[in-house]
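Single chain ahead, written as structure tokens, the form predicted on its own.
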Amino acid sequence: MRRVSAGRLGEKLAPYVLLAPFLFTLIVFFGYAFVRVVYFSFTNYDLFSKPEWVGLRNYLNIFRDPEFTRAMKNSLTFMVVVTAAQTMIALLLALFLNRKMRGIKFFRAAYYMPSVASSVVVTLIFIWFFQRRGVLNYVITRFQEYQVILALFVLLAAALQFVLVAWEKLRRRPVAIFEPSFLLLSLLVSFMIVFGLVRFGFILPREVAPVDIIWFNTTKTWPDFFGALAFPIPLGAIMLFNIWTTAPTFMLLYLAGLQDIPGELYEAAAVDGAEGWHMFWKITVPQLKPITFLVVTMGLIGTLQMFDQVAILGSQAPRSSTITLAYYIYTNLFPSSASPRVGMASAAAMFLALLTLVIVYAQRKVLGGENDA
């Protein structure tokens, strides 16, 4: 009996032994730190003198600080735009990469590369990319020069695709709107026509002045018609960069979810006469609801805590245009030429934690978790 009891006790203790390193790290480095932050948020402390109890003064002071309100607005704007964009782009990439075609593994690896590269290195490349004489302004300039030519190419391809699909429909043959063989033929014929028009001088690129958009060293906002909701251009540049580096990670989650959807559902829908768009809304989207909940949750938490891109960007952009809540906490804790304001930083950190909790809980009620799918 004793041997049996000892064996059962060992089975019960085994999970805790395996979890011991994680629990130790969680309790010492996170639990203890959290308790200290809560305490410091009610004190006046500068890392050198003894903490002085001030009650709720730090919480009142952060809301009186214009820099904090600016940081909160930037963080919320960043959260909404980046989370929505990276979720939609990740889903579209996953739908594209879920196809069975040659070389698909190469494209999956290529799209995922921005997520595995060093954040610091990629940010430095991003700073060079957005310079006034950088790659992005050059590409925009070339796009404006060839805007008419590109528009003509797209219109011709769309017209040819429509004619080919309509012809097959009239012959009562089942064909998709974006039939790959027709699409390839439409693009090829359109390219040959447009190339010939350009080659023989019927249409020529426009002459435009080089684009000189200032992406960093400016306090201008965009879009102007949004009024108070317009966001600073430097913050918009960071949004583009963040979307580009985080969407591939979420793409993998969606790709795994797509491959887990039973094929019988699509076959049954096809028998009932459903087409691609109906299948997407009635089968794909509901089946991916748990994945969408996970992606949105991770996106909300990650965007609210965004710090490294702003810190690396540093003085390249005005502080008011890029400051976020995480960076506000950091600069109060480690100011460049002033005494640390640990109490203010701790109060802002507690507010950020509470804000993250409230937003994630609200989106759980809206989207629902796995149990609601």
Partner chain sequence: MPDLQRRRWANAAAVYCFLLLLSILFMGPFLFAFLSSLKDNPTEWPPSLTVNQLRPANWAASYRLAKQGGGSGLWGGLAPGGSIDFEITYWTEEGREPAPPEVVIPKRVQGGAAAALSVEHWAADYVEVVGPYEISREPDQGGVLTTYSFTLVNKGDVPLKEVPMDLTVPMRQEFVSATLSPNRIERLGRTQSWNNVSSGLLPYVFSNYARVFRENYSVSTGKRLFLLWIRNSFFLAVTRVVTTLVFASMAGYALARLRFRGRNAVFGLLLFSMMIPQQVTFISNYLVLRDGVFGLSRLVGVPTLLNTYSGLIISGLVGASSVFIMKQFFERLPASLEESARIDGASTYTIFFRIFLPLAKPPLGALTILTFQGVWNEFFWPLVVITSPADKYPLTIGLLNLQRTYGAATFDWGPILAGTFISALPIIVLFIAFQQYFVEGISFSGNKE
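For clarity, a rigid core is taken as the largest C-alpha set superposing within 1.5 Å between two forms. Bear in mind that the values here come from a model prediction, so they are computed numbers and not experimental data. Positions refer to the first chain, counted from 1.
What follows is about the form predicted in complex with the partner chain, which we do not show.
Annotated contact segment (heavy atom within 4.5 Å of the partner chain in the model of the complex): 172-180, selected among 172-180, 274-282, 70-78, 231-239. Contact here is defined as any heavy atom lying within 4.5 Å of the partner chain in the model of the complex, and by that definition each of 10, 138 and 312 is a contact residue. Of the candidates 153, 146, 293, 215, 293 is the one whose heavy atoms come within 4.5 Å of the partner chain in the model of the complex; the others do not.
Checking 193, 268, 159, 113 against the partner chain in the model of the complex, a heavy atom within 4.5 Å turns up for just one residue: 113. Although the partner is absent from this view, residue 63 stays clear of the partner chain in the model of the complex, with no non-hydrogen atom inside 4.5 angstroms. Although the partner is absent here, residue 248 lies within 4.5 Å of the partner chain in the model of the complex, judged by heavy atoms. Using a 4.5 Å cutoff between non-hydrogen atoms, residue 85 does not count as a contact of the partner chain in the model of the complex. Not displayed here, the partner chain is approached by residue 316 to within 4.5 Å at the level of heavy atoms in the model of the complex. Using a 4.5 Å cut-off on any heavy atom, the residues of 20-44 that reach the partner chain in the model of the complex are, in sequence order, 21, 22, 23, 24, 25, 26, 28, 29, 30, 32, 33, 34, 36, 37, 40. Fitting the two forms on the rigid core leaves the C-alpha of residue 361 displaced by under 2 angstroms between the shown form and the other one.
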